[in-house]
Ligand code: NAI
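A lone chain, given as structure tokens: the form predicted on its own.
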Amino acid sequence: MKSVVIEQPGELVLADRPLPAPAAGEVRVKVQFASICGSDVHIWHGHNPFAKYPRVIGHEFFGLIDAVGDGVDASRVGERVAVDPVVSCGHCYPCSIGRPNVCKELQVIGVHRDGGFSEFAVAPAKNAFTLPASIPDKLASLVEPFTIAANITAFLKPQPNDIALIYGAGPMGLTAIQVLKGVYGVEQVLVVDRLPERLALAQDNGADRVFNNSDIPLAAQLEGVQPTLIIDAACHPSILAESAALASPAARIGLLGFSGEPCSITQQALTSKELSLFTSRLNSNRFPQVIEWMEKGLIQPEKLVTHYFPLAEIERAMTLFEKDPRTCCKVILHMG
């Protein structure tokens, strides 16, 4: 089978690999579509601190179960499934309180173990979620990106009367816009980015107001408006301090970034307004929730997709995703 392998940082190859056999409790998925995430690019360049090499990348993927391991019902063969990449132990403290995404023994498919940029992939059977016919094959790999927005909004508990501010109109920011508008009915969603093309995408995905802060500071453009809910989907270390300064008293701030760079903020900046700060990693059992949102039409994943490529053109697809944020949003690989 053909698989996209990062042999070591900077070395991407489309390799011939043996067909994997599902172990006990696992299924094998014949992958149909997989979508590229920024973390895939980070693994390629050696900037993901969690990745182990060599690695078949890809954690956003969809396909058909074509084989099952011991202990898995054989009737599952043929199911259309989206795969949750979060593999957890089930018994540590985080797992015991419903937070498997920060399991003490966490493994992420496509990061710690081989992933879905491959003609076949294996995963725990419980991680393979059956999809209704209403979710088309070509969009099914986008369940996972929306679980990121599902996870952070579960902490933030958006309300219709919130004034929400999202930093960044990339894929993470766009999913957050759609969830805030389509699921929670937030009446005011503001988005800031430095690329006009991305801001146009934000408007297409439901943003009420957009701001370009490349020349004029955001504070000057908000003219005293104080957001009550802020999501950092741009993931720059300077954003937390600015968010605290701009936020309304009693606001909630959600962080999605993984930068190792320090940021500078005082306790006073947070406690004087009694701000609530939430962080979010991956997703904690959000696949059923997002699948339901898609089935009900509350979110529109098709609005994120700008390109499709065959697996054979993986390097071209990854380079486009990385280098051309003005015209490129979600890039989906077709294995067929």
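Because the structure is predicted, anything quoted here is derived from the model rather than measured. Residue numbers run from 1 along the displayed sequence.
Keep in mind that the form predicted in complex with the named molecule is not shown, yet the notes after this line are about it.
J.: Which one of Ala251, Ala123, Ala82, Met172 is close to the named molecule in the predicted complex, taking close to mean a heavy atom within 4.5 Å?
T.: Contact with the named molecule in the predicted complex is made by Met172 alone.
J.: Can you work out which of Ala233, Leu156, Val186, Ala128 has a heavy atom no more than 4.5 Å from the named molecule in the predicted complex?
T.: Only one listed residue qualifies here, and that residue is Ala233.
J.: Under a 4.5 Å heavy atom criterion, is Arg198 part of the interface with the named molecule in the predicted complex?
T.: Output for Arg198 is yes: heavy atoms within 4.5 Å of the named molecule.
J.: Using heavy atoms and a 4.5 Å limit, would one call Tyr167 a contact residue for the named molecule in the predicted complex?
T.: Answer yes; at least one heavy atom of Tyr167 falls within 4.5 Å of the named molecule in the predicted complex.
J.: With the cut-off set at 4.5 Å between non-hydrogen atoms, does Val179 touch the named molecule in the predicted complex?
T.: Close contact is absent here: in the predicted complex, Val179 is far from the named molecule, nothing within 4.5 Å, heavy atoms only.
J.: Considering non-hydrogen atoms and a 4.5 Å limit, does the named molecule approach Arg194 in the predicted complex?
T.: The answer is yes: Arg194 has a heavy atom within 4.5 Å of the named molecule.
J.: Within 4.5 Å of the named molecule in the predicted complex, counting heavy atoms only, one of 70-78, 233-241, 131-139, 103-111 shows up; tell me which.
T.: The contacting stretch is 233-241.
J.: In the predicted complex, does each residue in the set Asn213, Leu256 and Arg281 place a non-hydrogen atom within 4.5 angstroms of the named molecule?
T.: Each of the three qualifies.
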